[in-house]
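Here's a solo chain for you in structure tokens, the form predicted alone.
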Amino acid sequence: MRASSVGLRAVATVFLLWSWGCGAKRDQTTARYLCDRTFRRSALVASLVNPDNAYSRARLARYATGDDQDWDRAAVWNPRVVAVGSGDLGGRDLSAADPGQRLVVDPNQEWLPDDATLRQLGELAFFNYPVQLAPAFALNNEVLARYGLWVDARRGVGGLVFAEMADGTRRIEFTCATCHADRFGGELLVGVPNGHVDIGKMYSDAGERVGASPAASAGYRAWGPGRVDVTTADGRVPERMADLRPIRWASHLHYDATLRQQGVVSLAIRIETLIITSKNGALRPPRIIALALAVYLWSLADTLPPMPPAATAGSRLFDEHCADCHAGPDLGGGPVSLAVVGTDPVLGRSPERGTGAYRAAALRGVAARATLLHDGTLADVSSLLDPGRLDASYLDGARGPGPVRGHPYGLKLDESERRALVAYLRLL
């Protein structure tokens, strides 16, 4: 039996042993998320920064409305799954694949497990819950290298799972770990943005095989590694995959600060609706899965490196030049107007999710990110603080030759000061 299947059965058993009703007093907020539609609706409305963009309008029209359009009426997506392992890379006959196990016994449960059990389920879901159907591709090492999918002895291959469809067939699906885990320093880091996976190339290649238009294929291919568009239908606004490790401390969610984070429930609703829209509104996750994922993501803050020593040259420069926007336990902040940030404003102005601002990025863990800025234009903090990136002759931007404008802070430091600040940032 696969280790992943054993884990699924273990969690299901624990869930049956540790349960409280919706009236549990120990955590009324999370219990009400599971049980109380009116509470969920109020939490959604309170989280929306700009209720007039398309992201907000879709959720206001469909989330916890109680009418015929309510996403609650969608079928619950709780398939049997098996993680793709390194032993599957020689190709696999999916018709004979192990059907696996479901992550939860009762997809409509309205009882609240204890925190440790929620985190355990959330970790399992991070690597095993099928979030989005993957394009059809072969399972071999050449393909993995082509698309930048990681391989890990413990966690499997690229966060991919075999999921059982409604008709009994099995397809490969992405999980959270496909985009939010990557190998760094010889180990798999959980929650970091995957700077190597090229989801756009997967879609482009698949589209070309089935006769998609050249324009559509070129649009997906333009994403490049480490970027994905979960906002627009045509994929025209790709953004850098997010670092989820500091998310517990974030005041806002999304690069353009679309949502206020008012506790773990705000994040659970964001996860729940993300999965619903990735399934075109036809399927919804078990709500306990969305809550467990949110609880697990919050726990990832504990995996970040400890804060480096204060009173160094780099820390003093940070306090002088960066701390106005990058503060708090995540060294991040709330929305900053597009005019002040000065970087590419397309996402912040988009009718889909635009708010007219970008949130100040959390700098805890910044050294493990393959690219920086919301669109992944710059490679690292050294590039960010390089004054040469403002020149027309600059060649190192990920979007092609030319200047990478915006975020001018720290660019006027002398070379030794920049080195000290970069060294400090890489310790965060």
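The numbering used is simple: start at 1 and walk along the sequence shown. These numbers were taken from a predicted model, which means no experiment stands behind them.
Separately, the form predicted in complex with heme C (HEC) exists; it is not shown, and the next lines address it.
- Among heavy atoms of Val161, none comes within 4.5 Å of heme C (HEC) in the model of the complex.
- Although the partner is absent from this view, Ala138 stays clear of heme C (HEC) in the model of the complex, with no non-hydrogen atom inside 4.5 angstroms.
- Although the partner is absent here, Leu293 is a contact residue: one of its heavy atoms lies within 4.5 angstroms of heme C (HEC) in the model of the complex.
- Within 4.5 Å of any heavy atom of heme C (HEC) in the model of the complex lies no heavy atom of Arg59.
- For the three residues Met307, Ala310 and Ala327, a heavy atom within 4.5 Å of heme C (HEC) turns up in the model of the complex in no case.
- Heavy atoms within 4.5 Å of heme C (HEC) in the model of the complex are found in exactly one of 65-73, 357-365, 45-53, 30-38, that being 357-365.
- Listed residues Ala206, Leu189, Leu283, Ile247 were compared with heme C (HEC) in the model of the complex; Ile247 is the one with a heavy atom within 4.5 Å.
- Checked against heme C (HEC) in the model of the complex, the residues Leu149, Val341, Ile269, Met202 give one hit for a heavy atom within 4.5 Å, which is Val341.
- Contacts with heme C (HEC) in the model of the complex, taken as any heavy atom within 4.5 Å, map within 358-394 to Tyr358, Arg359, Ala360, Ala361, Leu363, Val366, Arg369, Leu372, Leu373, His374, Val381, Leu384, Leu385.
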